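Here's a solo chain for you in structure tokens, the form predicted alone.
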Amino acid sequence: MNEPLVIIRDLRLQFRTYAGIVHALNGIDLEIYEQDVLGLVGETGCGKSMTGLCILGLVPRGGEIVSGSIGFRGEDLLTKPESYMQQVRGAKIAMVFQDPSTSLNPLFTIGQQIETVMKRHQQADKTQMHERALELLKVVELPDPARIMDTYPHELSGGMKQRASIAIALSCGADLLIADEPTTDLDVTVQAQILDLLRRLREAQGVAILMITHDLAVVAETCQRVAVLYAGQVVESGPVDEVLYEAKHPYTRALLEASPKRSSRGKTLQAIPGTVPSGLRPLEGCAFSPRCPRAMEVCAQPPPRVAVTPAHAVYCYLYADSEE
């Protein structure tokens, strides 16, 4: 396996609200390797998008990272000033958002938006930037790149806008691409095209990808490794084949049983009873235990990390004796 590009340890994020302090992330531990595709999966409200925003230093208003570290090429991003992070965003770490209609500026053409990012982070004249922008639009397989350069976002389809967003994200040769639900609002055919594009870009350009998604089918098709999040904590992580086909944590199993793919194979779709914790109370013990059919008294205590294999880990008392 390649060297770690990003190492996250004990990342904790809180929000001050009128209802009280919301504990959004509760000790995230993650590694993203060079040229890796890591899937970050879980229900809505589990902290997937917040993890990506923390890496970029874009914590929403009212949020505060209260502990932890985010190592990027040996530098802890949480200790760096905003001026440093402004140089990292776009140049070293880029993000593709769920809805390109909100991430693209409606007042500027696609070409202008690509060139603006390059102008901020690279030394190049106008001709060089124009040629590079055209090349990127070809890389993301947009038809007639010369025309797209002068096109405004509202003139493009959803899939074309997402391709343009990917071109902007790659414009400065970022080492890490954070893709936050990049196919959610697209039809099935276009979803497959975008995922295939991201997979080929990783192979061709060597960029690492953090794929944030709620769709296990996306993880199975595009990712090498996966981390399952619940209530702001990683409950299981490892190679995709091990985690999805040899799932250990009851939550991972419940997600698989609730997957639409299950019903397409003639199996009954199983809903997960209960809801994700609101985060208004600090976690005590296993956060999934109120919804878990196999919960035990000991689950009132924080679960241990158990190495199922050298690369596959689960946080659950069901396997605590397996290491002894």
Ligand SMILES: Nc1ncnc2c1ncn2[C@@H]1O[C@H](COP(=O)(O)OP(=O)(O)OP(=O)(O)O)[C@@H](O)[C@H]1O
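Just so you know, these numbers come straight off a predicted model, no measurement behind them. Start at 1 and count along the sequence shown; that's the residue number.
There is also a form predicted in complex with the ligand; it is not shown, and the following applies to it.
Looking at S69, you'd find every heavy atom of it more than 4.5 angstroms from the ligand in the model of the complex. Shown alone here, D36 lies farther than 4.5 Å from the ligand in the model of the complex, counting heavy atoms only. The ligand in the model of the complex is approached by G45, whose closest heavy atom lies within 4.5 angstroms of it. Although the partner is absent here, E181 lies within 4.5 Å of the ligand in the model of the complex, judged by heavy atoms. Not one of Q113, L137 and L142 is positioned with any heavy atom within 4.5 Å of the ligand in the model of the complex.
Listed residues I32, I28, M50, L255 were compared with the ligand in the model of the complex; M50 is the one with a heavy atom within 4.5 Å. Although the ligand is not shown here, in the model of the complex the stretch 10 to 36 places heavy atoms of F15, T17, V22, A24 within 4.5 Å of it, in sequence order.
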